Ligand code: TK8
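Next up: just one chain, as structure tokens, the form predicted on its own.
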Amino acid sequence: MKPFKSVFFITILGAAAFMLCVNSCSRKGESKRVDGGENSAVVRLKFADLAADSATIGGQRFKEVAEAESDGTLVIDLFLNNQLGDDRVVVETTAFGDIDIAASSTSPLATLYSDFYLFDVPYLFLSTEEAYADLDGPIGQRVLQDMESVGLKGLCFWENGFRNFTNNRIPVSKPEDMRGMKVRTMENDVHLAAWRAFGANPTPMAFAELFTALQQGTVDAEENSLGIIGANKFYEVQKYISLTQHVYTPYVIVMNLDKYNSLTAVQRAAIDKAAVESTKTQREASQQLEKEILDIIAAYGGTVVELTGEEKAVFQKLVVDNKILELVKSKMAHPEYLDDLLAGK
């Protein structure tokens, strides 16, 4: 092993059938025919987007490309800032078909689709370039394709980003610094095991409660991408931001599989191109926003702690010694995906 990786077309048969179609479409967001000929079946798709600035930019680019490439036969209705529910809710609703497209972080979906535990492995990726190469490469694409088993078409991976550690006590650069700290985490077995291995006290908590909990001292620390830290202004209640970059978390964009398959070839191609183009745009926006957020944190008076490669390696060794890799593989439907990434395939 290498070292640990450094709509439908509806025929109008009569007035009654036409009215039935219109009524049904207005209720369910399905296609309806408008004047203009045989290629004028317009499909409206509901896209549940995330509460992150880069995701808003990505969603807007997706809409722009899909509508243009489909010659106007696709209309993407964007619902920003988690208007339709949190990550897991919108993805489950997309699988049921009440939402057409959804964006979500992968971690909340691991119990729904177990191979997403792959992206919870601490220090699996050591740079964004590594992450992009693997997400866009054979293994990442196999993970997306396998989502068809749960009724979803995996379209692409956007960037949530590297998760970093914030707290209001001391600058943290090594595991001993965070010993005993109450760290807000998601209800995710891998995350919980990793933070225990690092010596912290992981405390699952709803994200909506986090800012107040940090402000009141209910928890000492939290860990999120810089985009989330910035968008939610956690730097106002957390003095120290340690760039631990312990987990790279992607966003995944999914579509109801039956809805995707019901589209015309032109419409499917438009969706596929929108996935590619929005990924490029969203990732670029994410990288730029991270730089701006670090400037905002510094201007606010926060202390940014940059870890060296040697300091990160100490955390990485604890992941191996505490058998976090084995835990992840035990949860995955395809544990060989992790082996292949670690082997550099």
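Rigid core (definition): largest C-alpha set, two forms, superposition within 1.5 Å. From 1 onward, residues are counted along the sequence shown. Every value quoted in this text rests on a predicted model; they were computed, and no experiment measured them.
Only in words, not in the display: the form predicted together with this ligand, which the text now covers.
key: Among 82-90, 262-270, 150-158, 137-145, the region lying within 4.5 Å of this ligand in the predicted bound form by heavy atom distance   = Going through the listed ranges, the match is 82-90.
request  = Considering only heavy atoms, tell me if Thr244 and this ligand come within 4.5 Å of each other in the predicted bound form.
outcome  = Answer no; every heavy atom of Thr244 is more than 4.5 Å from this ligand in the predicted bound form.
query = With the cut-off set at 4.5 Å between non-hydrogen atoms, does Asn224 touch this ligand in the predicted bound form?
reply = Yes.
ask   = With a 4.5 Å heavy atom cut-off, would you call Ile228 a contact of this ligand in the predicted bound form?
value = Contact with this ligand, yes.
ask   = Looking at the partner-bound form in the predicted bound form, is Phe165 within 4.5 Å of this ligand by any heavy atom?
value = Taking the distances in the predicted bound form, the answer for Phe165 is no, it never comes within 4.5 Å of this ligand.
Triplet Phe47, Leu78 and Asn256 all within 4.5 Å of this ligand in the predicted bound form via a heavy atom = No: none of Phe47, Leu78 and Asn256 comes within 4.5 Å of this ligand in the predicted bound form.
query = Of the residues Met186, Met181, Ala110, Leu124, which one places a heavy atom within 4.5 Å of this ligand in the predicted bound form?
reply = Going through each option in turn, the one that passes is Met186.
query = Can you tell me which residues in 243-259 come within 4.5 angstroms of this ligand in the predicted bound form, by heavy atoms?
reply = The stretch touches the partner through Tyr251 alone.
query = Taking the rigid core as reference, does the Cα of Met205 move 2 Å or more between the shown form and the other one?
reply = Yes; Met205 is a residue whose C-alpha shifts (by 2 Å or more) between the shown form and the other one when the cores are overlaid.
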